[in-house]
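Presented as structure tokens, the chain that follows is alone, the form predicted alone.
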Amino acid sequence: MSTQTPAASPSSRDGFSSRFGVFAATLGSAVGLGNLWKVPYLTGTHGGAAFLLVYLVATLLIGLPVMIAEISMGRKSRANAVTTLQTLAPTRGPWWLIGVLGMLAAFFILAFYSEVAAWIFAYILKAIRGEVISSDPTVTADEFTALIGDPVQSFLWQWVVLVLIGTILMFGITKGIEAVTKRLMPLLFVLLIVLCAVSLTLDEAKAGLEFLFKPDLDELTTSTVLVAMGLAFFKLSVGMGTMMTYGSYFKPDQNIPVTAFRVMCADVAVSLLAGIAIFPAVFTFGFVPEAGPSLVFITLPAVFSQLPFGQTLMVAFFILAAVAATGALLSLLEVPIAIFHERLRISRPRATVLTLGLLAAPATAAAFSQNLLINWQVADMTPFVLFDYVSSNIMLPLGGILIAVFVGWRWGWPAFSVALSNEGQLRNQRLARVIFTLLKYVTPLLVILVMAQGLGLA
């Protein structure tokens, strides 16, 4: 009996069934642990509101145009990332390699991001048991060190997460990705608002809000601007094939610029709400906003221990973080699954198993980076750090540059304007022209600066 299935035609291909489903899934891809972890700690280490101001401007000039480009390309082709490039540029050059680059970037990110997600899921259980609630940061630091230093826990929690995500994706787009994200995204906002409400009652809430929203332009440096630009690019899940893949599931009448802008605004709102939930508590209890990545796993448990109903709130926070991680992991894993499903003509379950099998070695290496493989390093980087560095500083910026160049110089204005106007149904030519001009001339140069910063060249 053949294991192959016929390639899906655009008309029969699974896709998102509603406008809210499109929004929830796309937002789920953009919102991740970075909103609850990376944006707050980068804001803390780069001067607060001034950094956020640059981040917002850069999002409009870098992240949003590439996001719109990817979604437009995916919807036009109704195919995976590799086939999309082959369809839109069938004769001129190996543009399809952009899709391959996106798939490889997704694998590299999945390898280390699944381990961070594993820590989050493990902390839900730890929070329920009361193992990490202590006013002494030394105690919370010891708990985190014990978790990442245990190869068995690191490995098992990682594969609990990956099997969970893989199981959801086996159900497809409508019954899998859309059904889950339509429930998780509202839950994410509800939990965030509850945490914000508690945080705003604290003694130093005003200091925390001023830190976030009162810009001090004297804090701006060239390095700060470049870091903010890089964050704006990475936060919208562009350059790795996720938006192109999700775009292929968009409804034909979906207004792409409006949807992308709403996703961007909601993504920024999640980051700001996370800051409102975190920084008043950090200031109230005498911690430093510059705590960096340890903010989530070491500082916050100590903060929660000093709040009324602290253990309950901490459980809610880590559930919130798990929700954010789930949406991002779904979109990352879908990139290779869609490619294998459509190009190898195998069922989604088989494509999912194949993807997880190929991911096993790099993911396990990342899981063991803080224990069994801690001395196995390349250029002074453990596998975990190496996967993060290569994907974040090389693959994603390069993918973003190539997508912008492809749209601006190969696909061209006529095809882009038709795609963005829903085959002439929308009167948005002025907006389309602005986006196209950014993609052709501005965005590639800014992403090159981001790449140079990431590689230490700027």
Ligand code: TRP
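Throughout, we count residues from 1 along the sequence that is shown. All values reported here derive from a predicted model rather than from experimental measurement.
Quick note: we don't show the form predicted together with the ligand, though the next part is all about it.
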| property | result |
| --- | --- |
| Contact residue in the predicted complex, chosen from 181, 331, 84, 352 - any heavy atom within 4.5 Å of the ligand | 331 |
| One residue of 384, 234, 250, 95 in contact with the ligand, assessed in the predicted complex (non-hydrogen atom, 4.5 angstroms) | 234 |
| Touches the ligand in the predicted complex: residue 432 (any heavy atom, 4.5 Å) | no |
| Touches the ligand in the predicted complex: residue 123 (any heavy atom, 4.5 Å) | no |
| Contact test in the predicted complex: residue 43 vs the ligand, heavy atoms, 4.5 Å | no |
| Close approach of residue 32 to the ligand in the predicted complex, 4.5 Å, heavy atom | yes |
| Interface segment, criterion being heavy atoms within 4.5 Å of the ligand in the predicted complex, picked from 135-143, 149-157, 183-191, 239-247 | 239-247 |
| Heavy atom contacts to the ligand in the predicted complex at 4.5 Å, residues of 42-68 in sequence order | none |
